[in-house]
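In C-alpha cells, the next block holds one chain alone, the form predicted alone.
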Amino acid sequence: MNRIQHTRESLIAMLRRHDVNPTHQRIEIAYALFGHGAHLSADQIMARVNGRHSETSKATVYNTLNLFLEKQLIREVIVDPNKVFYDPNTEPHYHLYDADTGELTDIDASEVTISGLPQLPAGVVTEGVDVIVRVRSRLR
C-alpha cells in the first residue's frame, strides 16, 4: 500500500481538517504515527515522542489516540487483549500479525474474500469487518 510522506506542516493541516487543535504534543504524536506509517502501540508512540522531547505523559498519549480514533484519523487493531496497535491507514484493509516478532503488517483488502455476514439485529448497520491473520513459526 502506498504511504503518504508526511511533514509536520502537512500533519498540522490534516489535524485542522479533522477539527483537531494541533497542539505541539498532538503534532508529535501524529508524526510518530503518520511519519513512519507503522502500526505502533501506545508505549511505542510515547517512546518515539519522548525520544525527541521527553515532555509527553502516558495520559496525553492515550487521550490523543482516543481523540484521533474519534475523529477517524486512525484505526485501533486489537491483536489480543493485552496488545493494541494504532494504525494510521484507515483505508479498507486487513492485518497479518506475527506472534513471534510482534509485528503487524497490512494485507490488501483485495487479497481477502468474505463471503457473507450474519443477519444483523434490527436497527443496526455494519460499521466494518476486521480480519487479523495470526502466524507463528512452525519450529516452536
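Computed from a predicted model, the values in this text were never measured in an experiment. Numbering starts at 1 and follows the sequence shown.
Below: the form predicted together with another copy of the chain, not depicted.
Another copy of the chain in the predicted complex comes within 4.5 Å of a heavy atom belonging to E111. Contact check for S115: a heavy atom falls within 4.5 Å of another copy of the chain in the predicted complex. The shortest heavy atom separation between V129 and another copy of the chain in the predicted complex is within 4.5 Å. Using a 4.5 Å cutoff between non-hydrogen atoms, L120 counts as a contact of another copy of the chain in the predicted complex. Only one of 58-66, 81-89, 25-33, 38-46 places residue heavy atoms within 4.5 angstroms of another copy of the chain in the predicted complex, namely 81-89.
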